[in-house]
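Just so you know, structure 1 and structure 2 below are the same protein chain in two forms, each on its own as structure tokens.
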Structure 1
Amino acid sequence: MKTNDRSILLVIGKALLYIWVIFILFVLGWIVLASLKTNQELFDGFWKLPETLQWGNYYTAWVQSDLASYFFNSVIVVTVSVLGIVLVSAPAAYVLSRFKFFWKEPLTLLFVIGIGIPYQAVLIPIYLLLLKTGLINSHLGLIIVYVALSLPFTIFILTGFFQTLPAEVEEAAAIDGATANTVFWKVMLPMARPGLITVTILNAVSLWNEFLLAKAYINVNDQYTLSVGLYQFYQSMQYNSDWVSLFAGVVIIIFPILIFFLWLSDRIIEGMTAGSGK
């Protein structure tokens, strides 16, 4: 491709990116503004600023609508799930990337195929399995499902990352007498930290916003995660029309994970681009 053509594509790409960023910032800004209005002000004018900031909307969403308990449920489920995903995926990806054995290629292909299976296709079989094992309506059951369904993507990403790490360091540690377990835990795993942080963030964001599985497998009010709790809150709008509190709830669900993402965004870029120059 000619240099001029690449420059034109680069300009178009940047322009589209800026438009997308402005649109997202506009939507987020409007949601925050709407969450600080009264219901009357919300319908009086799209751009009208609130006369007084209605912080009470957040109290209504957090306390009266019980988003607080849903929030902590989500924190527990997502934290334990992400830890489980990383603990299982990292050794599996290391073995697939570094060792030669008979079933290596079929196993790798199996994980790649697993990425393409939609949740809807396994929704009912998993439901019946959880029902049979007594794990339906429990956080443990949901965590096991999250870990199992997130493994293909995470192992695929980490396998590619481990392949970029220099083999010389691994060989030097082995020559010094380190066992395979020592090489993995004390040499390779610290070197893979950017990749581990990347998959941690991507899985945390995905599971924090996950709704379908949580709604299908949790039907007890005090076990709801935040996304399901917010949906229940939305359902109640047909009775009380407290839309501004709903927007406050949306802010509560969006901003914690957004701040977490922005805090570690440099690590994501570092992890995704590691080894690209090799």
Structure 2
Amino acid sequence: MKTNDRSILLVIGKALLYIWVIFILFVLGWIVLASLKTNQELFDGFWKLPETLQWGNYYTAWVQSDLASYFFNSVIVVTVSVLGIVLVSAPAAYVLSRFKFFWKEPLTLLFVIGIGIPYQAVLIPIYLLLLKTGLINSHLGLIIVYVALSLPFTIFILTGFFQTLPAEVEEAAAIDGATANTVFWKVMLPMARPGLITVTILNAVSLWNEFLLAKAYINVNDQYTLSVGLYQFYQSMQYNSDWVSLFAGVVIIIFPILIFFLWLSDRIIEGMTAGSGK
């Protein structure tokens, strides 16, 4: 009897898992379908299918509601930030993981502390700092903040990676007469590539979706990032209920992540869970 009970539990569990999976696919599919309806069809009921696909909704969202400029703002901010994060973190992580010096432990600890500090604790002070330096409402300001706040986690992960690299290659290159600087850029950095890819993915995804800082520090319409632009578009639904274009906007913000995910899902999953698997 007991085994029977358990196999029933197993069946229920499996059913729940598959319902979960199907529901996710269903929601994603419904969003795409909703973005291709007319507003009339959308309000006719949840299950109503579009008669003809309204690609014009994408035009409205992309051009008239300016999501195109927000999209490119996001592309620029994310690209520059991620490059900055990697360029600044990699040398620091290298030194912290493979050099021996007095300040090594305290400095490493100082960076680790940052992982646990919620952004709320720095939200207002950074605002004031950006205001003072004239960097408020600018992409440059946002990029600097993104780089600074991403350092703790990125350095933490990269330190772990550099530690796993063999010392022999480093020594061999040094004996061959390469300067320490060359050893880092030409030997160590290429060897750490999996780690660099991991932190690039991790930061790119989270910054693409980032909202709190972008909302707080960018208050000029044409400088919005995509998540803030989409939020403002959503707020405008009270006055102009063009929901189908809003759903087109939702697809626009998800689409690059989806493509990225279909292409690199294993890498992304590994990367995003790497920090906790160790």
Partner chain sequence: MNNEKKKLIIPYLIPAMALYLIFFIGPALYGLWISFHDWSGFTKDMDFVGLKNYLNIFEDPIYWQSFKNMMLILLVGGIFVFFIALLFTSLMSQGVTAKKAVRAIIFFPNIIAPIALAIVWNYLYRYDIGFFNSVLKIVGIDPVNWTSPDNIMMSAVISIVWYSTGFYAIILLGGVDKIPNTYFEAARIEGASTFKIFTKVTLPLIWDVFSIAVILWGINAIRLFDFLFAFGGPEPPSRMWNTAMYQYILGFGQRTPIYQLGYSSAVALSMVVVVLIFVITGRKLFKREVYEL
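Rigid core (definition): largest C-alpha set, two forms, superposition within 1.5 Å. When a residue number appears, read it as a position in the sequence of structure 1, where counting begins at 1. This one's a predicted model, so the numbers in the text were calculated from it and none came from an experiment.
The form predicted alone appears here as structure 1. Once both forms are fitted on their core, the CA shift for Asp222 between the two structures remains under 2 Å.
Once the rigid core is used as the reference frame, the Cα position of Phe43 differs between the two structures by 2 Å or more.
Once both forms are fitted on their core, the CA shift for Phe211 between the two structures remains under 2 Å. When the core is overlaid, the C-alpha of Ile12 ends up 10.9 Å from its other position between the two structures. Taking the core as the reference frame, the CA atom of Leu25 shifts 2.4 angstrom between the two structures.
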